[in-house]
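What follows is a single chain, given as structure tokens, in the form predicted on its own.
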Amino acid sequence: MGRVRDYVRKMAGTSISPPGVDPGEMLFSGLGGFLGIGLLALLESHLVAGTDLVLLIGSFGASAVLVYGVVKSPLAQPRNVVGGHLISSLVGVTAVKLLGAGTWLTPALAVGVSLILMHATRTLHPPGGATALIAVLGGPKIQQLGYLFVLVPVGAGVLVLVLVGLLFNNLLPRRRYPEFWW
């Protein structure tokens, strides 16, 4: 019984919630997200509209929260953003190629292997798990891209998000991005 009790006690947490953010910081973060995702959407509508390519995928929304909202987090640094997405997209596409998209095993394997490889390469970026799922579950348009998915939308998209992060986050004296490159 002691082990079960100890196990359940771990679920109570041990610290308090993080402090709130001042309204100016909230607005600046929101503006950064608007600019990063807006630029990707604008580029998609002008550069790849009418083609089988996309530049904007759902996991980029989560990356925008990290890159523009928690700029000091290790998970928001360029190494993690770029590496986490590229590794996960490569794993996701490979999982589909090896197992097909119609089995329960493919998405589970894509996320699990992505997580292992992101840890191993010190590029942990939670939205990368979503990118692996998008490669598996993204439908025919995404799956027809095959390994091109790794370059466009993933590679191109993360480079835009990081570039906007570099230019935008450093406008304020109290912000610095990145905290580290490699």
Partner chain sequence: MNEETLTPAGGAGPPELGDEDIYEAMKEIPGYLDITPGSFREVYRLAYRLARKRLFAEQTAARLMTREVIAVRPETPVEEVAEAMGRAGISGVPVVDGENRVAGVISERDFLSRMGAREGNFMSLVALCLRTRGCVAVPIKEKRAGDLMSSPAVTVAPDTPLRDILHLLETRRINRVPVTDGQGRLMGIITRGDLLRTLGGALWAG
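Positions refer to the first chain, counted from 1. If you're wondering where the values come from, they're calculated on a predicted model, not measured in any experiment.
Only in words, not in the display: the form predicted in complex with its partner chain, which the text now covers.
At the 4.5 Å threshold, heavy atoms of Pro19 reach its partner chain in the predicted complex. Although the partner is absent here, Gly100 lies well away from its partner chain in the predicted complex, with no heavy atom inside 4.5 Å. In the predicted complex, at least one heavy atom of Gly69 sits within 4.5 Å of its partner chain. At the 4.5 Å threshold, heavy atoms of Pro74 reach its partner chain in the predicted complex. Residues are counted as partner-facing when one of their heavy atoms sits within 4.5 Å of its partner chain in the predicted complex; in 149-178 only Arg174 qualifies.
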